[in-house]
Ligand SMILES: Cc1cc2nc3c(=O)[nH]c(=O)nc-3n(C[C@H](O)[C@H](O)[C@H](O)COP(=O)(O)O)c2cc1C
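Only one chain is given next, in structure tokens, and it is the form predicted on its own.
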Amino acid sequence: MGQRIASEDPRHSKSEYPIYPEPMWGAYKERREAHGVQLYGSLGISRNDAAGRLAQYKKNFEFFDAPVGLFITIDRRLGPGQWADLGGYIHALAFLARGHGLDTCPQEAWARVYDTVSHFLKLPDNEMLFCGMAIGYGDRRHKANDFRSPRADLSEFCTFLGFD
């Protein structure tokens, strides 16, 4: 499985579900791009370094050297409500791992190679690969873990009603 992924540029592979809306717009696009600039900048990879950016992206498919990699699937017949439940499950899994001193990295990049993973895992036809998750002990000294992405002000995305 790893050989096939290593020989491709999975950034341009179509995932089984839309990871981002097309086109991305406004603050969502700006925040995503700012995070990318910050992440790749912290690693010394310039925006025009296509080979360096691809090499970094492909580290997803090595689970960033974590000792454990999970694949999280969902029955493809389920809808947005159950996808929200799955997001809650992924968050709970990450939170529980942290409680045991472990770090996690949910990775939607795996959705772009769903056909390869599905074949490798022999998933039944009704199961859809949603994401991967790396689990291990994070390297706090690694530059990719040494910054905090900017956060939008609460008033930009949340409205409280009835609390005068």
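Residue numbers here begin at 1 and follow the sequence given. The structure displayed is predicted, hence computed values, not measured ones.
This protein has a second form, the form predicted in complex with the ligand, left out of what is shown; the following refers to that one.
- [ ] Name the stretch, out of 42 to 50, 105 to 113, 121 to 129, 24 to 32, where some heavy atom lies within 4.5 Å of the ligand in the predicted complex.
- [x] Residues of 105 to 113 come within 4.5 Å of the partner.
Open item on the list: Using a 4.5 angstroms cut-off on non-hydrogen atoms, would residue 148 count as touching the ligand in the predicted complex?
Closed with: Yes, residue 148 sits close enough to the ligand in the predicted complex that at least one of its heavy atoms falls within 4.5 Å.
Open item on the list: Since only the chain is shown here, I'm wondering whether residue 64 would be in contact with the ligand in the predicted complex (any heavy atom pair within 4.5 Å).
Closed with: Residue-level check for residue 64: yes, a contact with the ligand.
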